[in-house]
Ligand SMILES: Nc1nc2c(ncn2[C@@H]2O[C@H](COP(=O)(O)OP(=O)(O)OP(=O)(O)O)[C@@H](O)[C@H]2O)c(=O)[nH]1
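Consider the single chain below, provided in structure tokens and representing the form predicted alone.
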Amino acid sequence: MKLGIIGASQAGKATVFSALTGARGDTDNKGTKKDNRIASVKVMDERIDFLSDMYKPKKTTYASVEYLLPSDTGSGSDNAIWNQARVCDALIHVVRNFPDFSGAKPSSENEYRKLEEEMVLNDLVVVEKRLERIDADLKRGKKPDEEEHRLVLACKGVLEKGMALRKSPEIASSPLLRGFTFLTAKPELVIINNEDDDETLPEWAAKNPDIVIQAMRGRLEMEIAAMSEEDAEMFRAEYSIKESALDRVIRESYRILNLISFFTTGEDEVKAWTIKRNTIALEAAGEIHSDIQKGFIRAEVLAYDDLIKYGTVKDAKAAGRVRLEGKEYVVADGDIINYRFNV
């Protein structure tokens, strides 16, 4: 899962990136100021901690999230930034809500809408170029894919109204359009970057039901992320911060991307796997290894909550809570799965 951090100039994108990626102390930051920066952080999960304590494996593997801070790579071109953002699964849109050097506070709503309009225009350019190629193919006697053509025309209609494609779920989620990597089709988390002493969300005139908005005191959270855990806890208590910015953003990232976790356990490794909600057992097996998917026989499934309730796998089995499921079983969040397969 990769999330791209975007925003207007001076919105505090780099500050938010540092607040998120410095919180664990285990990041792998790559790149320089002239390059895009990317960092991978652990998704801390108390369920993994419990399973690791139970199985005492040689290795414990948490799920991870990548954060990308795009750069113009010294070219001064916004297209370079958008091209990097297009490969991400979702976007984190940082909006400035603190005074500039002159002391003037911006309209966060206007700043948000200005960048959204820019993304709409970028997507519209992509659509128009595709339609031009389709017209050229028609003149040469080549028949286009009718469903793709219909969807591209639908995209044009939405974008020409100044609307993001995510407002039309059928379009945003269409497999036929995945290769277009539309910016406005991506799930979006908006972070309102506040001053140190401001933890509230600003009042906006228009509501946006298709996006999630979260307030963050970016500079303060960045400083806390660089502290020892003992000092960080003290400062979070002083500023009434119940959990780190990273944990809040990860939780919302999973929600907007419709993701869940399932677990595999054993003496060698306890591991969390991230999949889309409503993924069937056969497809989830492919996340582990293609051989498991090809040779799938059955999935032995135990819900994490049942393991907690009964205390041990043996007692859960005795209570009939360990089930054998087939290929079409829809994996639930927290399932502990042991795949039976033959290759």
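What you see is a predicted model; the values in this text were computed from it and never measured. Numbers follow the displayed sequence, beginning with 1.
Same protein, other form: the form predicted together with the ligand, not shown, and the subject of what follows.
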{"item": "Location of the ligand contact in the predicted bound form, chosen stretch of 261-269, 230-238, 119-127, 210-218 [non-hydrogen atom, 4.5 Å]", "value": "210-218"}
{"item": "Close approach of Asp145 to the ligand in the predicted bound form, 4.5 Å, heavy atom", "value": "no"}
{"item": "The ligand contact at Val331 in the predicted bound form, heavy atom, 4.5 Å", "value": "no"}
{"item": "In the predicted bound form, Gly12 touching the ligand (heavy atom, 4.5 Å)", "value": "yes"}
{"item": "Residue contact check: Ala8 to the ligand in the predicted bound form, 4.5 Å heavy atom", "value": "yes"}
{"item": "Interface residue in the predicted bound form among Thr184, Asn194, Ser253, Ser108, criterion: non-hydrogen atom within 4.5 angstroms of the ligand", "value": "Asn194"}
{"item": "Selected contact from Phe180, Phe98, Trp82, Trp204, since only one has a non-hydrogen atom within 4.5 angstroms of the ligand in the predicted bound form", "value": "Phe98"}
